[in-house]
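Quick setup: one chain, the form predicted on its own, written in structure tokens, and binding and motion questions come after.
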């Protein structure tokens, strides 16, 4: 068994005026795959954490949760630990041992299972999840995707009847995320495990879900099959429609009476039916206008770096050039050296060979004040690294502490930054009480208070919903028009394809390919957008939803 019945669940965090969950009523049947989505801060994580009492946040709660027909709080710790598996958003937060094999056995040991059973379960999970090749490794040697897969395998070793996953792919590159989600589908399909999953990346997971729950400011606005949810969001002109898979958005943008596609394969078939018997003559999307100069602001020349003296090179013979006002995006798998490159550019670490020039000057010769005062701004991969105060407002004010501005001027700047990143309602909250997406926005607001001329962004769209991604892009484009240069590391292929000027592929510590965004993505098979994979047989150079919609309209 593995079913939940949630009855009029209402929950408020301490000192919060608005409930995080507002009269939620939903039933999850045994063996179902339920996807939970919504904008950042809508209550997804809060709802999931209520489904396991040890993770339930502190606050005021009303309503009832039944697990297999009985009140959840009456299920003892042993039952909940073994029957309700939970995978957290950040893989680092769940790993507790030093070796892969020990991590697989840890949960079973904690439950007091006999040694022979533990050995059998560990061997079974290692085989099922393909962990044999790194079974004896230290967990510190694993990539982000491997760590998350290890967390999933460790949970499944206890044979839970329910698997709960809170944005499990937010830290993973597109291929690792795809492989991870395929494993989750396999668990649901082949083992019959009930799955509840919250996610911002809906392209791959929405088509396989039995039902989709859409939360909006703590309320359940829709709970139905994927197609009905897509139609509901479209008809309501809801902001969450921007998070729907590319085939759904493209379908909605082209007037037609055919059935709505959910997958890339369905989308290709839909396009074939749409243009059946018609000649497709317009196949080239409109070219992006270039708004950056030829002046070079960042240059890396033959840069090498490794973390340990006798270790392997993480960055090897890297050369790149970024021009003033350019939006330069770096994509690639986990562990290829992307974040290390940003750390080199921000002088957190130093290369052992090669040169890094900023505005033609050796980066090592800048003082800290010269480098970070209205010059270089850095948004790290973990936004919590920037939070040092008790409220968001105090954190923002801390960025202006060394300036000659009056208190009134500082407050005005803080209000403007908060408005820019949609954080005005959260300014009196503790940064750690924010959702992942809200923390990302708060961290960006802090960085922008420095008025940087060069922005280094490490996974800026992590945990952010589709609606705010559009706002974030507008903010960055506005900065770009004033001459700000953006260097962004991202796993968000769709975001890079839509907004970046130049994209580069990182592999094995170096750039293996780079070029203008359109030509870069249209030449790839896997590292490309769903829109391109869906339409390349008709429009080979279309990479965004807007490209495909416009070409469909031109050819009809």
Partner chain sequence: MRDVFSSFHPIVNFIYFVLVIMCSMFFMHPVFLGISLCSAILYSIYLNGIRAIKFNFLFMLPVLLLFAALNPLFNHEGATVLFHIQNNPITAEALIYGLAAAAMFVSVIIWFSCYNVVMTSDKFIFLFGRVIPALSLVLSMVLRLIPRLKAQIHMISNAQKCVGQDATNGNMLQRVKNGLKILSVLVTWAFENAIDTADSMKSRGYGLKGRTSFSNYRFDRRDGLAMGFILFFFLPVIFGALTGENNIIYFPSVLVKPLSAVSLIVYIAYGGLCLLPLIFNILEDIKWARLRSRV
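Positions refer to the first chain, counted from 1. On a predicted model such as this, the values are computed, not experimentally measured, just so you know. Rigid core: the largest C-alpha set superposing within 1.5 Å between the two forms.
Omitted from view is the form predicted together with its partner chain, to which the following refers.
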Is its partner chain in the predicted bound form near all of 95, 107 and 450, within 4.5 Å of a heavy atom of each?
yes
Heavy atom within 4.5 Å of its partner chain in the predicted bound form: which of 484, 254, 475, 386 fits that? Just give me the one.
386
Go through 364, 111, 405, 280 and name the one with a heavy atom inside 4.5 Å of its partner chain in the predicted bound form.
111
With a 4.5 Å heavy atom cut-off, would you call residue 310 a contact of its partner chain in the predicted bound form?
no
State yes or no: in the predicted bound form, is some non-hydrogen atom of residue 513 no more than 4.5 angstroms from a non-hydrogen atom of its partner chain?
no
Given that the partner is absent here, does residue 217 sit within 4.5 Å of its partner chain in the predicted bound form, heavy atoms only?
no
Check residue 378 for me: does it contact its partner chain in the predicted bound form (non-hydrogen atoms, 4.5 angstroms)?
yes
Of the candidate stretches 462-470, 259-267, 116-124, 409-417, the one with residues having heavy atoms within 4.5 Å of its partner chain in the predicted bound form is 116-124
Within 4.5 Å of its partner chain in the predicted bound form: residues from 334-349 (heavy atom criterion)
346, 348
C-alpha of residue 367 off by 2 Å or more between the shown form and the other one on rigid core:
yes
Once you overlay the rigid core, does the Cα of residue 400 travel 2 Å or further between the shown form and the other one?
yes
For residue 201, state whether the C-alpha moves by 2 Å or more between the shown form and the other one after rigid core superposition.
no
